[in-house]
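One protein chain, two forms: both are listed below as structure tokens, the first as structure 1 and the second as structure 2.
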Structure 1
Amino acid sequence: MISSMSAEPSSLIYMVAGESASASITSNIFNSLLKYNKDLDLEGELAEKWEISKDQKTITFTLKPNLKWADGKPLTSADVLFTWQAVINPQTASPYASDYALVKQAETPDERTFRVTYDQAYAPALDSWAGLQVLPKHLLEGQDLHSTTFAREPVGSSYYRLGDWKHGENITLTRNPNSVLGPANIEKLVTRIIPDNSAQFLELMADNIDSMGLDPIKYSRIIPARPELKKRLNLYKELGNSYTYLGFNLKHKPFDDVRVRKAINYAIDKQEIIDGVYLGLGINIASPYKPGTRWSNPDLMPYPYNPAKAKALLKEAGFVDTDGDGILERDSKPFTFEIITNNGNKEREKTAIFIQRRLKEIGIDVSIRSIEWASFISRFIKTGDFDVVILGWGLGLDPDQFNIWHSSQQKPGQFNFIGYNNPSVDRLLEQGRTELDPDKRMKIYHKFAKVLLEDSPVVYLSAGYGLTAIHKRIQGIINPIPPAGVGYDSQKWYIPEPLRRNEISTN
């Protein structure tokens, strides 16, 4: 099966990379203690069972018997302990470290038992252990996870192992005979690196790839209008657990001024973007949670499009057009800044143009730069060298967003790269992590979302739909799509022998 993606992983150690490109590959190579089933309930993956103490502070995991790495070596509780230690090591600088640093003690009473104890009950604990991809101690002990060759030559335990990685071209995974969960049906997965979405679509039309994520125009207009494509492809649509946003660098002036952030929020017509860029396949949101879930505060309303209010706020913040050129100034400096986003993502690039036009109307001069993903992350995000970004957050199922919004999460490589610092948000995030009552926890996150909306450190642009095309030769896909998404149980997908590709067609 041949698929495509626009960005190449920076590393195949996901707990270091923290990016979707890495996750899409490593999810086929590594396992976690727990996983979510198709209905989004937790079940064991490496763990056969788990027990929670009466005080809710200790979790004891029992691993399945006879687990093995792809190289045949035993996979034991020592590997889980090693992975936990590596992630919380400050030198690793994992963006996920805060989830695991709350563990007061981790121990391995025997090869199949891994036990963790917290100082106080931690509500997202089980969810966190569903996200920790376990790494092999025997191959990584004593190594720097940022520079190790393992990051390009990983050895895992899941359905596939790395076959070949041609930089800038493709990553090939082959079926792992030692998979701890049994064999996958499809023998080989090839992921081609094609940064431009239009180029991906040309390859899909030419039958050179089997699946890709679609933009709304291709999903709603192009494929339905072409009988030969409709005959060949199945289309899938699901409301994703993600959103697109405009994020301010709060350490750069004038974005440290809430009046300026709110003004820009009022100046952007989000519905125009949803209709013009996403052809209506998006939802205007007011909180950083999936619409319709209990965590999304139903009382919050998105900032309406109101350029008059935007201008009034900017005037209040000291911005005036002193020379009549249409651009506002403060302290003799024109209000101008750069929006950066990742190239190849046409929706984000088009969104930037809509925003640029609307901000010009209220006197702000905006330039746009699209940058290749790896450079975008290393040169701008990790260094904090940007004014404004257009990006997206893919969220977990637990409502905890400590990693993204807490003021302690601002080191290079961590997720609070916009520099957000609000003591009341910090307190709410800390409370939410330790509150086990779901209703009380919901109220905490509703308050958190309300403060965030008022503070406007980001402009929510839309929650979008996942739109996917998959060739009909790929069979065994669950339909209708389960809550866990179209890719759930992909190890059970299969290709009938008469429909299989020849090796040469992957080139």
Structure 2
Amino acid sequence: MISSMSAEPSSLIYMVAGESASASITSNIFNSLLKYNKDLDLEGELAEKWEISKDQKTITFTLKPNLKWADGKPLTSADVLFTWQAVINPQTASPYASDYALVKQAETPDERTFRVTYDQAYAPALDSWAGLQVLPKHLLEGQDLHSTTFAREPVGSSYYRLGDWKHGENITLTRNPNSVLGPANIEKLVTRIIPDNSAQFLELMADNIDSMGLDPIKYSRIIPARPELKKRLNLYKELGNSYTYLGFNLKHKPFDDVRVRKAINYAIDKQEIIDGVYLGLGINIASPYKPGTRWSNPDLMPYPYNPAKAKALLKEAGFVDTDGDGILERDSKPFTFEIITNNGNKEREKTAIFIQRRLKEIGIDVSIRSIEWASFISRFIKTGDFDVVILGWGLGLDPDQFNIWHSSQQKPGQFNFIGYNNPSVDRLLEQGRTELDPDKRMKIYHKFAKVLLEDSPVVYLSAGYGLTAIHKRIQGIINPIPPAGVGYDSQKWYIPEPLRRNEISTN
């Protein structure tokens, strides 16, 4: 099976690379202690079972028996301990270190037992252990994870092992006979590195790749219009893993005024954005959680499009058009600001144009600027030098969003760059982290989402669908798509003999 991605991984040690390009390869090579099943509940992967102590501070994992690395060496709790030590090591400088640094003590009473103790109960703990890919101690001990050759020739325990890596061209994974979860069906996974999206699509049309992610225009306009593509490809649609928002710089006037933020929220027609930008392939959201999941508060509704209410709120906040030029003023200064977003993201640029038009209608003069990603982050986001931004956040599986909304997370480079500071939200986020009872935790996050919606530090714009095309020769794909996504259980996918590609066509 041949797929494609736009960026080449910098390293195949995920805790070092911290990028999606790396994750898409390493998830086939390494295992974690736990994983999410198809309904997004946690189950054991390397772990056979896990126990949480009464005081909720200690978790004891028991590994499955007879685990082996791809090179035949045994996989034991010492490897897990080694991985934990590596991820919290300041020299590793892993972007994920903070979750694991909360572990006060980690120990391995025997070869199959791994025990961690926290200072206080930490609810996202299990989620964090599902995210940590266990590395082999016998190959990495004493090495610098940033410079080790292991990053280019990894040895894991999962369905595949690295076969070949042609830099700038492709990465080939071959079936790992020692896979701890049993063998995968498809013998070879080739991921071709094609930076340009249009070029990827050309390869899909030429039948040189078997799957790729699509944008709404390709999904609903181009492929249906071409019978030869329609005959060859299955299209999959699932709720995506991220949402787009309009974020205010709360340290800048007038965005510190909740009436202004609400007014802008009412003035934006979100349905129009979904129809125009996503061709209807997206949904409205009212909280930063995936609709339909436990953490999403079903009672919350997005702000409806209501320009009259927006105008009234602005008037209340002191904005009136005194000179009759169609633009509102306060203290004889016109209400004008700049929306910035990263260039190259067509959806966000188009969204900005829709917003610009709607805000003009209520008397706000908006300019748009799209900026190249690296300078966008370093020059504007990290320095806080912006008024309003259009960006996206992931819809994570664990509800903890401390990093994004807690007032302590405002230093340059941290994620609360909009400067949100709400003591009641801070309190809820802290409670949510220490509450392990799922039902109580759910109530906390429902309340958190409600406060957030009323306070409107960001305008939730939309959550687009994830759209994928996969060649019909790939069979065994779960349909309808489970909550865990179209790629769930891909080791069970198979290609019937007559439909297989010849060896030569993979290059």
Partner chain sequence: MNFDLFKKTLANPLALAGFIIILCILMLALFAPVFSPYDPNEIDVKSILLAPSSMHWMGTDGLGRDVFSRMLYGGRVSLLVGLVAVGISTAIGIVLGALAGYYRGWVDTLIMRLVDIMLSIPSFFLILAVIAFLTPSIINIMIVIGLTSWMGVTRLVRAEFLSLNEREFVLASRTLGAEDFRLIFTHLLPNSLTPIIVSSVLGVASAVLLESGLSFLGLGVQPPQASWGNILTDGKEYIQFAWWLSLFPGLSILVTVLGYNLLGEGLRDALDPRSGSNK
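One-based numbering along structure 1's sequence throughout. Predicted, not measured: the structure shown is a model, and the values here were computed from it. For clarity, a rigid core is taken as the largest C-alpha set superposing within 1.5 Å between two forms.
Shown as structure 1 is the form predicted alone, with the alternative form given as structure 2. Shown in the overlay between structure 1 and structure 2, fitted on the rigid core, is a CA shift at Pro438 of 2 Å or greater. Comparing the forms between structure 1 and structure 2, the C-alpha position of Arg192 differs by less than 2 angstroms, with the core used for superposition. Relative to the larger rigid part, the smaller one is rotated between structure 1 and structure 2 by 27°, as taken from C-alpha superpositions.
Taking the core as the reference frame, the CA atom of Gly276 shifts 5.3 angstrom between structure 1 and structure 2.
Its Cα shifted by 9.4 Å between structure 1 and structure 2, Trp373 is reported here after superposition on the rigid core.
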